[in-house]
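In C-alpha cells, the next block holds one chain alone, the form predicted alone.
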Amino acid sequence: MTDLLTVENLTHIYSPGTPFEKKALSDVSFSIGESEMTAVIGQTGRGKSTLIQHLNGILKPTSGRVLIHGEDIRSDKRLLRAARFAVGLVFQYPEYQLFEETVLKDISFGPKNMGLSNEETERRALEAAQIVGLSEDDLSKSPFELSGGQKRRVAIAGILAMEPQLLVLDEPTAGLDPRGREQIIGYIKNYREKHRTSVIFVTHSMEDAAENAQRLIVLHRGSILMQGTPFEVFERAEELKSAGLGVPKVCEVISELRSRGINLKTAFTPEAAASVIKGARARD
C-alpha cells in the first residue's frame, strides 16, 4: 500500500551561490501513512518550518522529491495544485492571516477556492467551525473582534474546511496558556478521528509530542537525527540532550529515580509513569 506522503532525499539551500548561502535541509527522507499523527521536533532554526513548506509545494526543493500517493507533486502543474488542497498547512500564529469581513467568510475562503458549490462550501465551513468550538453567533462577527485564542481557532477552521488528507501545523499551541493549548490539541485530535486525516505538527513541547504523537521526527542541523515511536526516541534521552533538546519532565523524574537505585522502565507520559512506579512498588 502506497504511503500518503513520501519525502525522498530532500535538500533545500537558501540563496545558493551567494555569500548568504545556507543549507536548511540535507538529505531528509521519511514517509507518513494514512491517519497517522506525527510530531516534528528540533531546536529553533533547524529546518522544521522549511521542511513543512515543501509538503504542499510552497517551497521548491534544491534536490529531492515530495510524493503524495506515490506521485511527485512537482512533476505536473495539476499535481502541484492538487497538493495545495491535499496538504492543509497552518502556519505559526495563523491568526495574523485573517482578512475577511466575517468569521464565516474567512473559514469559507479555502473551500471556495477549491471550486466547490456554495452549498458544499457552507457545509464544510459550518462543520469546521463546530469542530473548533465556534458558536453560531461568532460566525457573523468580524474576526478582528475575537480574542487571540478564538482567532487561532478561526484560522485552523479555515484549513479544516478544505478537508485535507494531511493536516500540517507549525507550532499550533504557540503563545497559548495551558487551557488554550489543551483545547487546540483536542480540536485537532477530534478532527483527525472524525475524518481519518493524517496530522503532522511541529512543536517545541516535548510533553505535547509525547502525549499526542504516534511517531516523532527529530531534526538537527537540517537532517533527521532520529525518528520512531515516542518510546524509541525518548529512550535515547542522552542523544537528545547532546543535540540541545529536552525530554518530557516525566522522563527526567524517572531518570532521577533510577539514579537513586529504583529500577524503573522508561515512561514519557504521566499516566505511563504512574503505572511504572505502581508496578515497581508492587514488586517491592
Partner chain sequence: MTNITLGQYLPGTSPLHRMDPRTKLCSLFIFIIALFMAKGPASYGLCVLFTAFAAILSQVKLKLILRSLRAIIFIVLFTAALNLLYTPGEEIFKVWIFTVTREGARIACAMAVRIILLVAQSSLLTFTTSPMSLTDGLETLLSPLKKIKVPVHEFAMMMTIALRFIPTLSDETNKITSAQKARGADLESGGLIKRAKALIPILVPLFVSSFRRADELATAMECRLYRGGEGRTRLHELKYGKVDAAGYAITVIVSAGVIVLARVFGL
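Positions refer to the first chain, counted from 1. For clarity, every value in this text was computed on a predicted model and none was experimentally measured.
What follows is about the form predicted in complex with its partner chain, which we do not show.
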{"item": "4.5 Å heavy atom contact, G261 to its partner chain in the predicted bound form", "value": "no"}
{"item": "4.5 Å heavy atom contact, L89 and its partner chain in the predicted bound form", "value": "yes"}
{"item": "Any non-hydrogen atom of I159 within 4.5 angstroms of its partner chain in the predicted bound form", "value": "yes"}
{"item": "4.5 Å heavy atom contact, Q227 to its partner chain in the predicted bound form", "value": "no"}
{"item": "Listed residue (N113, S140, Q130, S147) with a non-hydrogen atom within 4.5 angstroms of its partner chain in the predicted bound form", "value": "N113"}
{"item": "Partner-contacting position among L134, L98, L169, A213 - heavy atom within 4.5 Å of its partner chain in the predicted bound form", "value": "L98"}
{"item": "Options 195-203, 117-125, 182-190, 99-107; stretch whose heavy atom lies within 4.5 Å of its partner chain in the predicted bound form", "value": "99-107"}
{"item": "Sequence-ordered list of residues in 11-27 near its partner chain in the predicted bound form, where near means a heavy atom within 4.5 Å", "value": "S15, G17, P19, F20"}
